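Single chain ahead, written as structure tokens, the form predicted alone.
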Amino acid sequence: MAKHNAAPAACEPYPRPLCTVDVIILTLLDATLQVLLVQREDAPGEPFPGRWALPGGIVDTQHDRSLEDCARRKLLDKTGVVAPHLEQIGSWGDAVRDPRGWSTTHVYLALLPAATLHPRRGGNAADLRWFPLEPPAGGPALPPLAFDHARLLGAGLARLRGKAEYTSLPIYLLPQTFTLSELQAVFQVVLGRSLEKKAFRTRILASGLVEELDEMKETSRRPARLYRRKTDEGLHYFPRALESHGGSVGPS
């Protein structure tokens, strides 16, 4: 078996494309899905100087044992974030997406609960900031993104919304404990539509995804039971799509 730190095999006469990893980091702030972007440094030779982009970078063959290792390293290096859920959504590559030459990128999706967020600027990022994916009327629009990151972000959002129809993926946007109403609200924001309350709760409780706690949370109406995700359950797949109540739910 080849050693991990061995030099990559020669590919001549075929030059290697630039290989990068990009991470789409989403959270829920002010009842709106938001994405964490980093601002590229304004330095000589840097493509798209000063432009906002998804956090990521070039694969380090001497230190990254896998693409996921690279994604987690870049995530921590540029933002200080450790994601509880990280999944690869696809790969893109062509001769024009990066002005430095033929390149491929492998894109990951990370979901984070807002209560745990303490991102910090790191690496060569000039700044980092949360941006709403669909800002309210009069609010700042998502800025133009570097490279083809607008396309990558669109693919990540489509993956999240598609999987929210039949899996428990949106639960990773919640803190450790939550009420069933808060869980339903997260699904509704992600899906952009209302869900039938009784059917949703029956589906969640029957799935074994969450466990009831002997704690209550004060609300504007009456105390609500708290629950938490069973950490050993992983991603749960529902047998059918979630039932709508009709109508849409604010910005999604």
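Not measured: the values here are computed from a predicted model. In this text, residue numbers run from 1 along the sequence as written.
Same protein, other form: the form predicted in complex with the DNA, not shown, and the subject of what follows.
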Q.
So the DNA isn't shown here. In the predicted complex, which residue out of Thr104, Thr167, Thr177, Ser181 has a non-hydrogen atom within 4.5 Å of it?
A. Ser181
Q) With the DNA left out of view, which of Ala31, Ile58, Ala199, Leu67 would have a heavy atom within 4.5 Å of it in the predicted complex? A) Ala199
Q.
Can you tell me which of 36-44, 199-207, 49-57, 23-31 lies within 4.5 Å of the DNA in the predicted complex, counting heavy atoms only?
A. 199-207
Q.
Taking any heavy atom pair closer than or equal to 4.5 Å as contact, tell me whether Ala224 reaches the DNA in the predicted complex.
A. yes
Q. Hey, in the predicted complex, does Arg16 get a heavy atom within 4.5 angstroms of the DNA?
A. no
(Q) Please determine whether Pro239 contacts the DNA in the predicted complex, using a 4.5 Å cut-off between heavy atoms. (A) yes
Q. Going by the DNA in the predicted complex, which residues of 59-87 come within 4.5 Å of it through any heavy atom?
A. none
